[in-house]
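Quick heads-up: it's one chain on its own, the form predicted alone, in structure tokens.
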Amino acid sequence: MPGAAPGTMSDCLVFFGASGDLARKSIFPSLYRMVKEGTLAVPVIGVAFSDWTVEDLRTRAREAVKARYGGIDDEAALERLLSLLRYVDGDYAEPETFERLKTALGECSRPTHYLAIPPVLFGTVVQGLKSVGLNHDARVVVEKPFGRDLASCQELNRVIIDAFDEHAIFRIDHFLGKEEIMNLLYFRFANSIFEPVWNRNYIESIQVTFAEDFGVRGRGAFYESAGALRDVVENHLFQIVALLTMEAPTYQGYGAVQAAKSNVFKAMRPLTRKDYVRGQFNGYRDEEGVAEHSDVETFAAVKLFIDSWRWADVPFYLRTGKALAVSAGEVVVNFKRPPQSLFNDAQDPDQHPNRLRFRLQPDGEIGLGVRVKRPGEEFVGHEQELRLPTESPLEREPYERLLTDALRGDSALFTHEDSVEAAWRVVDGILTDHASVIHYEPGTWGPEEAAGRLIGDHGPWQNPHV
């Protein structure tokens, strides 16, 4: 059977790219936490083309955990992790690498293969696994991006589905493993008080901001191949929109959630160049690996519509960027003004309507903005916000949660083929049909055009504060 059955527990974790940056920064620290929590007790086989030994892999794991947490707080747990580690060295293009992997698996019969490697290698590795039968009773976890456009996404899906059943394919987006992103889904459907007003009749617009106050941090070559639209908007921000706008799942289960999200992506109106503002911070072209006259965007803002009964004509304003004023992620749901002007300040353009704010990072918070009367005889007021912190010291890291779910066969927090392709259809046209980048100064909120031409009368942008 090309793929382990849903709900069965894998008896081994294989991860390709064991010597890479992602493994060092995120994977080894997450494996350490999984061992501490008792959710990882199966062999972990690292695969890389680095002329390493298993001792080199164990040294890297120890260094990665120490760097991530500033030390080792549970030496026994780390030793248990190190004892689980195995290593296979080899070129992914060579059949012998997969033969060695098959031997290293030994009696393991239900492996989960995690591809922490560049997307260009996904097809090569999947075909190598299939060639030696390591796709049977197995799962495969692939990192974003899932292609560069609709055509490459469809080709990638074709290659993977040729080796694994869809239920055994886990397309990982670490953003979906964040506690505050999961809370969007819970908040929507655990609190019925908002459902009557969660539609086009009461909501005027929704803003989603994902900002970073730093540049590309030496990853210029990668960013030249991606850009902000591919790197953040088409996946992270679209996923947030889907959780905000999906209809209630028809039953409790990951299949129902995936189907509801997929319907949102299918209802998104394809973006055109007038819906899109591209920016590039001054200094980006000086980064190593960046072309002298690069037109790659480090800032992207789009105006999106969802053509459904619930959301018709409600604009969604999404923006992301490097070298902006702060590092923060936030959703602001702006409600319409009251239909009748009963008070002197009701039509003051500087007075905001009611709004619901979800702070996603760096800390978690939900805020409800309401207007209250100022003391005195006149009926004038000001905005006050009721705030609820949602962050918890018990929060699990995204990769810890997602890798645990993959080993268990729970795909609730992963993306499926139809959703991925539907999301690419929304942006496919503006990947090539767009204006040139507009330059902006680091430490600002990006090009003025995003605040003027794009958002217009539904502005201003609600800038997160830290």
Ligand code: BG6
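All values derive from a computational prediction rather than experimental measurement. The numbering used is simple: start at 1 and walk along the sequence shown.
As for the form predicted together with the ligand, it is not shown, yet the points below apply to it.
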Checklist entry - Which of 303, 355, 86, 178 has a heavy atom within 4.5 Å of the ligand in the model of the complex? => result 178
Next on the checklist: Can you pick out, from 359, 130, 174, 171, the residue that has a heavy atom within 4.5 Å of the ligand in the model of the complex?
Outcome noted: 174
Checklist outcome for this item: Per contact check vs the ligand in the model of the complex (non-hydrogen atom within 4.5 angstroms), the hit among 200-208, 156-164, 219-227, 96-104 is 219-227
Checklist entry - Taking 4.5 angstroms as the cut-off for heavy atoms, does residue 24 touch the ligand in the model of the complex? => result no
Checklist entry - Does any heavy atom of residue 144 come within 4.5 Å of a heavy atom of the ligand in the model of the complex? => result yes
Next on the checklist: So in the model of the complex, is the ligand close enough to residue 212 to count as touching (4.5 Å, heavy atoms)?
Outcome noted: yes
Next on the checklist: When the contact criterion is heavy atoms within 4.5 Å, does residue 231 count as touching the ligand in the model of the complex?
Outcome noted: yes
Checklist entry - Taking heavy atoms and a 4.5 Å limit, what residues of 296-330 are near the ligand in the model of the complex? => result 322
